[in-house]
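Read the single chain below, which is given as structure tokens and is the form predicted on its own.
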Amino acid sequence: MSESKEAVAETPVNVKMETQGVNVFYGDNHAIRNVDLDIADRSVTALIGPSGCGKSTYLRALNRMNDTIDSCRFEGRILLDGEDIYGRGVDPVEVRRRVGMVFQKSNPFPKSIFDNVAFGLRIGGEKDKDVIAERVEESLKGAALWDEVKDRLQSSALGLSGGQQQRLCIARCLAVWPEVILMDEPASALDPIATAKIEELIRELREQYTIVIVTHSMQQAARVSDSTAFFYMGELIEHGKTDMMFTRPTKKRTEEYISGRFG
């Protein structure tokens, strides 16, 4: 027993984000209920649960995307490196730069491949063309897309395949130096080959970034994540290391969901 305690002590988890007593309301609908969850740095956290359980609402709270919904109200604290992102005077635009998001459906702009990736840099005030070009190349390489598009950077992004468009959106996110990347079912609209590329990319990106992914696929959660959080009816039921969650969950509701008895 003492050996296992020592092993745990040797590999402490650095927490990148902490959510404390988080509640989210849409009008009278209490969508997220008193969620406390620590998100480990440079790792992949998967959010699983049946449709409508609050996964995406919770994800959007992590970078204040819910602020754009008039009927939405937030309570609690979300800390990024110890700073409350909902604190007074905190700029939500800066929060979204540090905590980027990749959506379920790829949403490239009707611009060139180059201009899609450069967009955030230019909005942020970068004018040096060499700096922009270097960052675009770095970001496309980071998204495992550079070799496929380097000879057609001025072509429309809308001409890319669905999987390429999703990787382009990841490159666009990477270009502004995020610390955390949120992914809302990033492969749900893709074929198995494109999905495999996205999953491989996620595994590579976790070396440098903290990643939180909502997925409807428990197989995908098992393949790409280090830890898994199970949501049900707006509540966080259980959170733990992925291998433990899928083989020896501590809560009956988690076991029932993972074994396919509901959801």
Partner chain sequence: MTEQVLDAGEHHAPAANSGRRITVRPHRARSGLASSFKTPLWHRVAERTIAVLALAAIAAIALIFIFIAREAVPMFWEVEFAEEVEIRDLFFAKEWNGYDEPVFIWQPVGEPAKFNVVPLFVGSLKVTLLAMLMSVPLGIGCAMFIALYAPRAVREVVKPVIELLAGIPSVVLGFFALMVLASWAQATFGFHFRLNAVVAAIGLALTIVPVIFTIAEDAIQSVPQTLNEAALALGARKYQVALRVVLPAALPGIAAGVVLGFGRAIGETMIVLMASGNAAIMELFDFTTSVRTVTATIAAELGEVAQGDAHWRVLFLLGVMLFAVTFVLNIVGDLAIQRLQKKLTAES
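Positions refer to the first chain, counted from 1. Keep in mind that this is a model prediction, so the values were computed, not measured.
The same protein also exists as the form predicted in complex with its partner chain; that form is not shown, yet it is the one meant from here on.
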**OP:** Go through 187 to 195, 76 to 84, 132 to 140, 115 to 123 and give me the stretch that gets within 4.5 Å of its partner chain in the predicted bound form, heavy atoms only.
**Re:** 115 to 123
Original post:
Even though its partner chain is not shown here, does it sit in the predicted bound form so that 183, 214 and 217 each have a heavy atom within 4.5 Å?
Top reply: no
Subject >> Heavy atom of residue 101 within 4.5 Å of its partner chain in the predicted bound form >> reply: yes
Subject >> Heavy atom of residue 91 within 4.5 Å of its partner chain in the predicted bound form >> reply: yes
Original post:
Closest heavy atom of residue 53 to its partner chain in the predicted bound form, within 4.5 Å or not?
Top reply: no
**OP:** Determine whether any heavy atom of residue 109 comes within 4.5 Å of a heavy atom of its partner chain in the predicted bound form, and answer yes or no.
**Re:** yes
Subject >> Contact residue in the predicted bound form, chosen from 65, 221, 44, 236 - any heavy atom within 4.5 Å of its partner chain >> reply: 65
